[in-house]
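Below you'll find only one chain, the form predicted on its own, shown as structure tokens.
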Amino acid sequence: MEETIIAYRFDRLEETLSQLNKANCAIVAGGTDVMVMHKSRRGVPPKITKPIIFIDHLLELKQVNQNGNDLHIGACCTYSELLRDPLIPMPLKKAIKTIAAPAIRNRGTLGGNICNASPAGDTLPLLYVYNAKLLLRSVNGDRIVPICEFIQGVRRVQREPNEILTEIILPSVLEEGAHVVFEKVGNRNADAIAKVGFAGYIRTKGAVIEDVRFAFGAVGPTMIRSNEIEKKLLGKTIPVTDMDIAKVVAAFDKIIKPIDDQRSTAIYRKTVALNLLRYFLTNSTHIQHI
């Protein structure tokens, strides 16, 4: 006997939110994570126990716009759409280009990458150093949550069953003066899950560091970032001294706790992560001239 799957596809966001308030549904945007998560043996349809509700077509979730220096990105913008958008920062486009193959980038969405909450999520280190805020909407209204609070563990997020992630807000991402890098280490440049992800952000006034941020992916249950460690460099001058670099690297060495799995070993992941951090800080001599 064939199993019946209940599916909803409404024309407007308000209708979608109303249905989510009535029933606990599996939200499907691009479906690139959902279908893999629920896959069965060859020839057998995926087993999704909840009703499905599709959101990838909703125009309200596919807008990109600028508000002052803040960038607002619709959660259902696909990676391919973001690559074509002139407002998207180049470091984020670099991260997107490392995601899977073009076919997946045509379907996968930025909101889906966040809600999947994988420690190896390709865009997540950058979103952490951009201090991304997430706009969640339900019939009860809107709420904004920092991405570091929204992602609580492996595939665990702070989303109520009747809520949809509608927008990713990158505060001040369009202002001048910041230098941002993204690096992904994998078996291939793209179409491979990250062994290690790294994002670094630094903003200077003259030779003085006014703001600095680091985030590491695939080396813990969530992105690794520490405001306390970052503060060690505030007020320091460029170039960063070897002693200050050593202190920061040693501090991250204590909190980066990767695991062994089929893609890599823990010791390799930690070594690479710390080397990426060290390289970023060592090359900070040229930052104020960029």
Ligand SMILES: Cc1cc2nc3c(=O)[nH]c(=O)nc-3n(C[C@H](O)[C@H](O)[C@H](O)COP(=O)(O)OP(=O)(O)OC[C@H]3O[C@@H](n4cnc5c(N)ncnc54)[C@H](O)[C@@H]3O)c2cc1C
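Note that the structure is a prediction, hence the values are computed from the model and not measured. Residue numbers here begin at 1 and follow the sequence given.
Beyond the structure shown, there is the form predicted in complex with the ligand, which is absent from this document and is the topic of what follows.
- A heavy atom within 4.5 Å of the ligand in the model of the complex is found for one listed residue only; from Leu134, Leu71, Leu82, Ile164, this is Ile164.
- Checked against the ligand in the model of the complex, the candidates Ile88, Val145, Ile104, Val180 yield a single residue with a heavy atom inside 4.5 Å, and that residue is Ile104.
- Partner proximity in the model of the complex, defined as non-hydrogen atoms within 4.5 angstroms of the ligand, places exactly one of 216-224, 172-180, 156-164, 203-211 at the interface: 156-164.
- Annotated contacts: Ala29, Ile99 and Gly111 all touch the ligand in the model of the complex [non-hydrogen atom within 4.5 angstroms].
- The closest heavy atom approach of Ala75 to the ligand in the model of the complex falls within 4.5 Å.
- Although the partner is absent here, Asn116 sits close enough that one of its heavy atoms falls within 4.5 Å of the ligand in the model of the complex.
- Although the partner is absent here, Ala120 sits close enough that one of its heavy atoms falls within 4.5 Å of the ligand in the model of the complex.
- Shown alone here, Lys195 lies farther than 4.5 Å from the ligand in the model of the complex, counting heavy atoms only.
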